[in-house]
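Just one chain follows, in the form predicted on its own, and it is written as structure tokens.
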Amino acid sequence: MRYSVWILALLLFACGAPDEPDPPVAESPDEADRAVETGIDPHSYAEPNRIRVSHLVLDLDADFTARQLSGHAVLELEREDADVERLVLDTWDLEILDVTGASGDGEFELLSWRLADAHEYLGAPLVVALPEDVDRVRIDYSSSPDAFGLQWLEGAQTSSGQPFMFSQSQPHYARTWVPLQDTPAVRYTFEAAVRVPPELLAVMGADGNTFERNDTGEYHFEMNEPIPSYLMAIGIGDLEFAETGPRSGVYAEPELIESAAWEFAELEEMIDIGEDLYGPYQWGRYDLLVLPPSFPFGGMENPRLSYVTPTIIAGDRSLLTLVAHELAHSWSGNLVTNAAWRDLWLNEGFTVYFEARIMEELYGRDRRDMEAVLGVQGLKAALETADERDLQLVRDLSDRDPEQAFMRTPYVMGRLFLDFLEDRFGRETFDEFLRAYFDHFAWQSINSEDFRDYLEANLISPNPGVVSMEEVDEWLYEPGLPDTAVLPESDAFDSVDGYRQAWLEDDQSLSDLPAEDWSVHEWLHFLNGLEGDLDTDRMEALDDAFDLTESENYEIAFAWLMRAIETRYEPAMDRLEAFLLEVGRNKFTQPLYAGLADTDWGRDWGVEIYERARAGYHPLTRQAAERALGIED
């Protein structure tokens, strides 16, 4: 076997020399520095342009007492550079026990390795000395009890009374539970064996999910379609399954399974609509996993098993837009993936557009337009306070936590860019383009420039004079919402505005409002539009008329509680406290805590509530809440 000078130094650095108290370092400063630099993705240490993971084999035990996943990962490798002498992987607080390598079907043998210094939000690169014939590397390891990408819940924190664990790997938290090339630029297939307590069921975003527990507690999974690491997903809990169609269903804790199955009964129809629009659904099954209320997001698009928050189980199927969004990711994001988080709009802008098309087919243009208006309202508010680097679709995140990629710009402005293209070229032409785009880039990770080139070659050039590349570049690279944006309108909201204004001016009583016929979106528009115009008397009148403090729709309850904080409406304070103790969805908790912190009466109370709720919150929710409340580390 042939080792370069720096590889020999790396071996000694990792293992130490028995006669020397201080192990030697690499002789070349450039090589030593390069070992801790990020690769082609500023948020990953991996070097996939030199060597990349093509297949992953996991073998893991879930220990709920220790709050750890432990076992090993075998990485099958493809060399892009024949002279590559190292493998660099992303890790974050993993305990690395052993690293071995093998050639072909040969036996695994010890390899030299070291963990370089850890970065604040990127973790520590695992650098493995790689002999020229090694094509498989095995890493024995365990996760930290505080792994950022895993949440372990005790029985007291779940509706079933049984413990629960779930992962959240996006954007770069897969490295907290698997040593990987944790960049969306790398896609790989995988297989996994997972052992859990026999009273619990394990599921993954993969093929092999079963519909009921077995006696052994061991479950096997396969993902034969290549995915990026942020889509790695595992969930373990007291789960039951309900079918919603021949290739779809829902997993949930027993207390929620019946209501969840009813709420998501249109899942199969949504899949059919997606296929009619943009081609075959290529992932086999599409199931949902309803997580405990501590899940920090509305949903997560893990292929074959999307995660959803229980806060969308409204009893009237009024919040299914979120499900349409996660399903749409099966094409935009999962099938065609942004290669780096600067290009997040390729995932999310396409998906918001696609989600709207699904909802239009299900419920009509009026509902699509209402939801679009609400989205644009949120975008305009976000752009007023956004960092100057976040005012365009292609954003500079090179020196920032990739978590900062997730704001309204890539979602809503991305959707408006596609609306602009649809308006100019016509829906039929644009749909043909999108179908061809998904086919052309299927199973690939691309950047904005790849899309730009494809757009120019396949839509702009064949249709001269319709859209210029200067207009395209304004959307992609220039700050602010372009003047060419086609903004949505809603007559329904115009009506709501009229009723709200008439009530505020005492020209109309609450009994005259047609509120019983309003959708959740009309209610949200009504309540959000009351910001700054309410006092406790008007709050009491609204509450008496519509019992808003006790609303079972989480979206409406949240909007109402924001108004309650603003006016210090005491009858809603118990509900506010209970809401924050129950729900860990960032969309709700962060603004509520921020609202309390902005008052002269609520910050200390908000901190006290947070301290009681903290144990049940996901680490991401904790971060956001602590920033909102001004709690320092």
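Please read these numbers as outputs of a predicted model, since none were measured by experiment. Residue numbers run from 1 along the displayed sequence.
What comes next is about the form predicted in complex with a small molecule, which is not displayed.
- The candidate stretches are 297-305, 384-392, 519-527, 470-478, and the one lying within 4.5 Å of the small molecule in the predicted bound form by heavy atoms is 297-305.
- Taking the partner from elsewhere, Glu326 is found to have a heavy atom lying within 4.5 Å of the small molecule in the predicted bound form.
- Although the partner is absent from this view, Leu322 contacts the small molecule in the predicted bound form, with a non-hydrogen atom inside 4.5 angstroms.
- Contact annotation: Thr176 falls outside 4.5 Å of the small molecule in the predicted bound form, judged by heavy atom distances.
- Using a 4.5 Å cutoff between non-hydrogen atoms, Thr183 does not count as a contact of the small molecule in the predicted bound form.
- Taking Phe451, Tyr188, Phe148, Tyr411 one by one, only a single residue has any non-hydrogen atom within 4.5 Å of the small molecule in the predicted bound form, and it is Tyr411.
- Shown without its partner, this chain lists Glu263, Glu348, Asp343, Asp90 as candidates; in the predicted bound form, only Glu348 has a non-hydrogen atom within 4.5 angstroms of the small molecule.
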